[in-house]
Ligand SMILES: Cc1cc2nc3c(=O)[nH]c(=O)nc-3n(C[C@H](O)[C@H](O)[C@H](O)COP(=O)(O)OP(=O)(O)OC[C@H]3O[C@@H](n4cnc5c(N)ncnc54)[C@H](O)[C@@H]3O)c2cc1C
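Only one chain is given next, in C-alpha cells, and it is the form predicted alone.
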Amino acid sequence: MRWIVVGGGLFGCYAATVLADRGNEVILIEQGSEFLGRASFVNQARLHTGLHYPRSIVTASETLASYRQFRSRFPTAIRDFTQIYAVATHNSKTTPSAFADFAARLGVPTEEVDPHRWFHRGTIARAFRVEEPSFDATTLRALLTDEIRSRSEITVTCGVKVIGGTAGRDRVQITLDSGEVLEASGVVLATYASTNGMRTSLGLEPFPLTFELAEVLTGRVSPDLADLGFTVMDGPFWSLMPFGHSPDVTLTSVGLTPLRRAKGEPRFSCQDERDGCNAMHLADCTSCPVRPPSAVTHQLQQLSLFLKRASSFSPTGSLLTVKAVLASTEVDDARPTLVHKEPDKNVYTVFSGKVSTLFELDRELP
C-alpha cells in the first residue's frame, strides 16, 4: 500500500518508519525545512516515567510502560541527572503521602531527601529523588533523519504545506500548496497543534482540544546545579531541569508557561498581525516578530519563592510553540495518546504530548 504521513515531528517520523517496516511505500510531508522543528523540540525535554501524573494512574502507567523501550531504542538521546520531585506545602492537588503511595503503586523507586537542602523552609512538605531523565531532540532528529533517508520505501517532501484533500473508503487525495495532488491508500495525520485544521480540511470532525501558546524559558545555572532537576508538584508550580545534551536548562511553570489560551482551534490575537499563521499552518512562534511579551519576570519570582539558589539561574532566551491538550482531560491532568482511525476511512490521526508513548504506533498502525 501507499501511505501519506503528514507531519515531520517525532510521531510523524516514527509513523513513517513503522509503515515502511511493514512493506508500505510512504510519502512523509513536513511543512518546515527539517524534522522535529516545532513542538518536538520546544518543550521541557522531560522523558516521562509517569510520576508527573499522580491524578491519572492510567496516563502514568501508559507512560511508564513505554519509558524503558524509549531508552533502549534511542540510548544516545538520553540525558541522565538527579531529578528531585517536591510536593508543595500549600496549594498542591496531591498530598505528600498520596504522592509517595502513587509512586509505590506505579512501581517507580523513590528516595526521600531533605527538602531544606534546596528549598526555603515552609515551601516544600516532602521531596524525593527519582529517575526521570531528559531527551535531546537534536540527537533524535539526527537519528530519525538518517534512518528515514536510508529507507528506499520513504519519500520525503519538506518545505511544502497541505492545503486540503479528500478521504474516501479506499483512496485519499492530498493537495499541496505547490499544486501537486498526491494519491494514496491511506493517510496518517501527525500534526499535533494543527490536528483540527488538518482534520477539517479532509472533511473530518475536529477533536475537542484546547490550545496554549507556551513559552519555555532557557538559561544556564551555576556548576553546583548543572546536573540537577527540580519539579514541584502538583498544581500551578514550576520545573527547572537540563535541556537534553545542551549546556542549557529549561524553566517552565504550569501557571505561567501558557501565554495565551484558545479552545477548538489554535486561534490567537497575534495571528492578526502576521500573514500565513493559521489553525492549519502554524508559523514558527519562537522567531515571530509579534510574539507576546515574555513571562520571564514572573517565572523568576515564582522560582525565588521556593528555590534557595534561584539566583544561580540566568535566563538566556525563550522558545515558543503551540501546545494542544484534550479538553476532556483538564480535570485530572490525564495525557492519553490517541491513535484514532476513522470508522469508514483509511485515515489515522495521531495525537500525543509525551514522547515516551511513541511506541503506541507499533500497536495501533496497520
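None of the values given here were measured: they were computed from a predicted structure. Note that residue numbering begins at 1 and tracks the sequence as displayed.
Not on display, but discussed next: the form predicted together with this ligand.
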### Query
Want to guess which of 109-117, 79-87, 213-221, 290-298 is within 4.5 Å of this ligand in the predicted bound form, heavy atoms only?
213-221
### Query
Using a 4.5 Å heavy atom cut-off, are 55, 92 and 255 all in contact with this ligand in the predicted bound form?
no
### Message
I need to confirm a contact call. Of 66, 59, 31, 318, which residue comes within 4.5 Å of this ligand in the predicted bound form, counting heavy atoms only?
### Response
31
### Query
Of 232, 198, 251, 188, which residue is found within 4.5 angstroms of this ligand in the predicted bound form when only non-hydrogen atoms are counted?
198
### Task
Flag residue 10 as yes or no: does it have a non-hydrogen atom within 4.5 angstroms of any non-hydrogen atom of this ligand in the predicted bound form?
yes
### Message
Whether residue 355 contacts this ligand in the predicted bound form should be assessed with a 4.5 Å heavy atom distance threshold; does it?
### Response
yes
### Message
Please determine whether residue 267 contacts this ligand in the predicted bound form, using a 4.5 Å cut-off between heavy atoms.
### Response
no
### Query
So in the predicted bound form, does any heavy atom of residue 160 sit within 4.5 Å of this ligand?
yes
### Task
Give, in sequence order, every residue of 43-66 that has a heavy atom within 4.5 Å of this ligand in the predicted bound form, or say none if there are no such residues.
43, 44, 45, 46, 48
